[in-house]
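Consider the single chain below, provided in structure tokens and representing the form predicted alone.
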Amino acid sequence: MRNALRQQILVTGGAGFLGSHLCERLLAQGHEVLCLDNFFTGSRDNILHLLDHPRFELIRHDITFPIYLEVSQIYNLACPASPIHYQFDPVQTTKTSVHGAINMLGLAKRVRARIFQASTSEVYGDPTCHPQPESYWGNVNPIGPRACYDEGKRCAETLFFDYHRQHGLEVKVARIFNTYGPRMHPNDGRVVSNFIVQALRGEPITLYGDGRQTRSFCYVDDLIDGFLRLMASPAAFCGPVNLGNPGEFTIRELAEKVLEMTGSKSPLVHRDLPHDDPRQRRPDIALAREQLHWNPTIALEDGLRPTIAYFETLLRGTPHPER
């Protein structure tokens, strides 16, 4: 890893929810940022305010195809991350995780760049231990409708560690738990965006199953801080490391909190639980605390406030689909 204060950093999926926030933080640190995205789920609107920045460059490209650049760091975030989007074209989702990892690792090997992989808590599947430590190998259905994402990310982790062992590449692997905040896609099917959009529109709040399944919600600013700390950590620490907020809530509790904060009168309605949907999900972040001195600090209510404000602004300019 080069020691120069200013680095040339590639962010794949840089126009997405997490990628756009990461690009902002890297620019604020004084780096040159190459934002790469094919705009399948990313949006130019997320990075519109960065396009005129002298140290920001946008590249339209699909990482399932090789690309040749000169960079000192790579953050590989490119992959649809919500069930609606990754199940739309499951073969392409697997290609993005696997071929994309191979192409980015090949680039990192050529230029000797340190490379970060945005993995996921989905590698744990429907967990049989709780909370989930990095040592847990997971409980994943390899042939189910979510497998294109779950197994694609698991294979990407395999590739990262094999490149590290075989080629001495400096790799960093983060397992990301549920994250929320401004710039989430309003139609991505994720629970936080779903509930907020439904509440603001006065539509029924959709609870899958009995609403007692649990999730842990990390605000985007906390997560990006974890990314930066992991990338700056000593080369010997590769991960994988859980990044998420260990505060645990039932889905029903989240729905009630959103209703309270939006002042919505939307009713709660129940639907069948999706196939292979995890019953509980909470990260064990002891390793992140020990190795990165990282601990999320933003409470759910404090993070929901700007997220709701973002969707209020967004929906003002978006006609209701039934109108």
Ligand code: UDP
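Predicted, not measured: the structure shown is a model, and the values here were computed from it. Throughout, we count residues from 1 along the sequence that is shown.
One more form of this protein exists, namely the form predicted together with this ligand; it is left out here, but the text below deals with it.
No member of the trio Trp137, Lys257 and Arg305 reaches this ligand in the model of the complex with any non-hydrogen atom inside 4.5 Å. For the chain shown alone, Phe237 is not a contact residue for this ligand in the model of the complex, no non-hydrogen atom being within 4.5 angstroms. The closest heavy atom approach of His130 to this ligand in the model of the complex falls outside 4.5 Å. Interface residue remark: Leu58 is not counted as part of the site for this ligand in the model of the complex, having no heavy atom within 4.5 Å. Put simply, Arg154 is far from this ligand in the model of the complex: not one heavy atom of it is within 4.5 Å.
Remark: of stretches 137 to 145, 154 to 162, 203 to 211, 228 to 236, the one touching this ligand in the model of the complex is 203 to 211 (heavy atom within 4.5 Å).
Taking Asn194, Gln73, Asn245, Thr94 one by one, only a single residue has any non-hydrogen atom within 4.5 Å of this ligand in the model of the complex, and it is Asn194.
Residues of 53 to 68 placing a heavy atom within 4.5 Å of this ligand in the model of the complex, in sequence order: Pro66, Ile67, Tyr68.
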